[in-house]
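The form predicted on its own is given below as one chain in structure tokens.
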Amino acid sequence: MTKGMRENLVSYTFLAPFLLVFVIFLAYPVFYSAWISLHKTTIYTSWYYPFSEMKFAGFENYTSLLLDFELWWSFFLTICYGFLTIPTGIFLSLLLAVLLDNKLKGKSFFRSAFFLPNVLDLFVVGVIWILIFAPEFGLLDILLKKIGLGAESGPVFEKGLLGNAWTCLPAIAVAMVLKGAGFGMILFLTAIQNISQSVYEAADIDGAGWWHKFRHITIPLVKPIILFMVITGTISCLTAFTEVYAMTINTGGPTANPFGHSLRAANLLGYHLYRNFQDAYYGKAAALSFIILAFASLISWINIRIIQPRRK
């Protein structure tokens, strides 16, 4: 056995435990999900032998989902949710990073304070925001009354922000932006601190102001972080489930009536997938997961083409 073969054998030996875990817990479930997506089950399928009673349906699950108005409603809500959270989250994270990059007293405390919500469990954060948005007795309602908005008796918002079809999704978006801003802040702060000071000094000599330095130096040099946050934010929006489950108490939000259909106002794609699985439509849930994967891949590719600098 040659030296190269021995080195390869040692390498594969060390990699074997990870590869085994990868195959069992990642690769096999993906292929099994693809197989399930081609089969059909209903709520009447035996709970004791659900997979043995599946019937082959081909691409019926995919076609029925793509022709379902509720799926496209969920996709529309997810797009709206993405526009509410991704640009706002990036802007807030970058703003915090720029502010805390200066010689501010107690900046270590503020960095820790803004990052702390990111450590908390998403379900716990959702419950906290339910209490904040609660009508009449919620913190937000009390603060608005203190500054003179609304009557002294009764809630400022009749059903609360989470109980209104128009404000439910924006309220969830606000909660998630504030939770994730600390993580983005750390990423931007690291990128900004790695920018050479000589670049800023050269700009000062040329008479550039704060805004010009921020626009022409800081933003171009932190574009990889912006791209990373856009792609991860897109995936988070397409798979959003816990925040909807927690903040709507597993209802999908109040009822809305788009184009005469009675649908839930916060029924995002991730939550829609969960509801299909909960109702024992395993084939449709698996098919929806691959549809979401296709959406995520397409949107990520578009983001990369738009944001990533082109090589000349």
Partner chain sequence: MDKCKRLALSSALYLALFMGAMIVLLPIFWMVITACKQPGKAFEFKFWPKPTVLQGACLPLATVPQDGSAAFTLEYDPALYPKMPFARQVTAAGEFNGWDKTKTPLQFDGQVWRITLTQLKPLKYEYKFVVNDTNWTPDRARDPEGDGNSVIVLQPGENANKVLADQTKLVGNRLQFQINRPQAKILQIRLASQKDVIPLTQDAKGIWCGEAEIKPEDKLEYSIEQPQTFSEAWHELYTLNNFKKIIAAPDFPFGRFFFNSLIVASLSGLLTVILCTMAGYAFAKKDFFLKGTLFMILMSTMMIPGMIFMVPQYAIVTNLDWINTYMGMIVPHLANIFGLFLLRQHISIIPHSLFEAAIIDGASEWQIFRYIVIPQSFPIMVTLFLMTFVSQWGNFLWQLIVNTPDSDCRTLPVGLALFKGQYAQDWEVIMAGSCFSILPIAFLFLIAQRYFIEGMTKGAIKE
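Residue numbers count along the first chain shown, from 1. Keep in mind that this is a model prediction, so the values were computed, not measured.
Although not depicted, the form predicted in complex with its partner chain is the subject of the following passage.
Of the listed stretches (162-170, 75-83, 110-118, 202-210), which one has a non-hydrogen atom within 4.5 Å of its partner chain in the predicted complex?
Only one stretch passes the 4.5 Å heavy-atom test: 110-118.
Under a 4.5 Å heavy atom criterion, is residue 66 part of the interface with its partner chain in the predicted complex?
Result no; residue 66 lies far from its partner chain in the predicted complex.
Could you tell me if residue 303 has a non-hydrogen atom within 4.5 Å of its partner chain in the predicted complex?
Residue 303 lies outside the contact set for its partner chain.
Considering non-hydrogen atoms and a 4.5 Å limit, does its partner chain approach residue 36 in the predicted complex?
Looking in the predicted complex, residue contacts with its partner chain include residue 36, since a heavy atom lies within 4.5 Å.
Taking any heavy atom pair closer than or equal to 4.5 Å as contact, tell me whether residue 29 reaches its partner chain in the predicted complex.
So residue 29 counts as contacting its partner chain.
With the partner absent here, would 71, 215 and 226 each sit within 4.5 Å of its partner chain in the predicted complex, counting heavy atoms only?
No: none of 71, 215 and 226 comes within 4.5 Å of its partner chain in the predicted complex.
May I ask you to choose, among 149, 195, 99, 219, the residue with a heavy atom within 4.5 Å of its partner chain in the predicted complex?
By the 4.5 Å criterion, the partner-contacting residue is 99.
Using the arrangement in the predicted complex, list in sequence order the residues of 110-147 with any heavy atom within 4.5 angstroms of its partner chain.
110, 111, 112, 113, 114, 115, 116, 117, 119, 120, 121, 123, 124, 125, 127, 128, 129, 130, 131, 132, 134, 137, 138, 139, 142, 143, 146 sit within 4.5 Å of the partner.
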